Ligand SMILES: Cc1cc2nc3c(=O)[nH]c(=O)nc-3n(C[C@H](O)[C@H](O)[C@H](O)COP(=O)(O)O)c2cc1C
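Starting off, we have a lone chain in the form predicted alone, written out as structure tokens.
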């Protein structure tokens, strides 16, 4: 799958405006965390079981009542219209064909209701904006359209500065504001964008507010520490997502592959633990599961597949990861996801220690 992803990225870069490609590819600062998120999976090695009957391998799981064929979901990524003319409509259709969970971004470039009409398994990602009322109205619309959970992004009090793209991304106000209300779309763009920026003053109290308003489970995304996981659960979170925001926020932050074990141990089965960060093949999915993740998300891979192949590309990506995971499980001696446990992985002795 890794080579296929490289091919998709190359094809995407040949088709997209450079600023659009850089928007998706960029990390913050020196992009150390961006590179580390992928490389860190190679710090873990398998210790496979032998002489295990793997004639049938089951990759299915259930999350909040949703039965899924694989533990691989589409992560929330903004502005799909920069990658493909149909934007989120194409990526959602590809995910639905694969039976995968799809997490719709607050900053989607197609209307919530239009995208939701193509989905039967989806969650809604939430930024708590400076205009709290606007945040509430977006959540209300997502609930009405059929979202099954909310994903609160918790690691973006401000937006980390990135060295690229050097110029503005080619996104129209119409696309930027498509879900943010006619009153904002008709106002001056600078004022509208200030109202729709993230509120840097939020705390864990917003977890309860979102849960009460929506009636849905709320997962907090961006957790890299055990104590933060505990704090989120105590405030009413139904689960957490281990992520360093694709290396786009605090440069030098832990790679999710090095944080997942600590966070999963702190949660200790009280809710699902998902992981978003650096997953590029089925073997990395298996390592994440063995270290305590219940499921993983892919962000940039889905965007490159969308840009290069539209709906078909997203379907091929998700189906390919499912098949690679099944193969890796069979070779490791795991017949079902519950058998993907810590005993199957070791920290690479050549690294001289633990993450």
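Residue numbers count along the first chain shown, from 1. Everything numeric in this text was worked out from a predicted model, so none of it was measured.
The same protein has a further form, the form predicted in complex with this ligand, not shown here; the description that follows concerns it.
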> Within 4.5 Å of this ligand in the model of the complex, do we find a heavy atom from each of 102, 283 and 322?
Replying inline: no
> Out of 258, 118, 248, 121, which one falls within 4.5 Å of this ligand in the model of the complex, going by heavy atoms?
Replying inline: 248
> Only one of 135, 153, 93, 214 has a non-hydrogen atom within 4.5 angstroms of this ligand in the model of the complex; which is it?
Replying inline: 153
>> Please pick out the stretch from 61 to 69, 43 to 51, 305 to 313, 22 to 30 that is in contact with this ligand in the model of the complex, where contact means heavy atoms within 4.5 Å.
In response: 22 to 30
>> Please tell me whether any heavy atom belonging to residue 109 falls inside 4.5 Å of a heavy atom of this ligand, as the geometry stands in the model of the complex.
In response: no
> Does at least one non-hydrogen atom of residue 125 fall within 4.5 angstroms of this ligand in the model of the complex?
Replying inline: yes
>> Contact with this ligand in the model of the complex for residue 77, defined as at least one heavy atom pair within 4.5 Å: yes or no?
In response: yes
> According to a 4.5 angstroms non-hydrogen atom cut-off, is residue 299 in contact with this ligand in the model of the complex?
Replying inline: yes
>> For a quick check, can you give me the residues of 267 to 289 that have a heavy atom within 4.5 Å of this ligand in the model of the complex?
In response: 276, 277, 278, 280
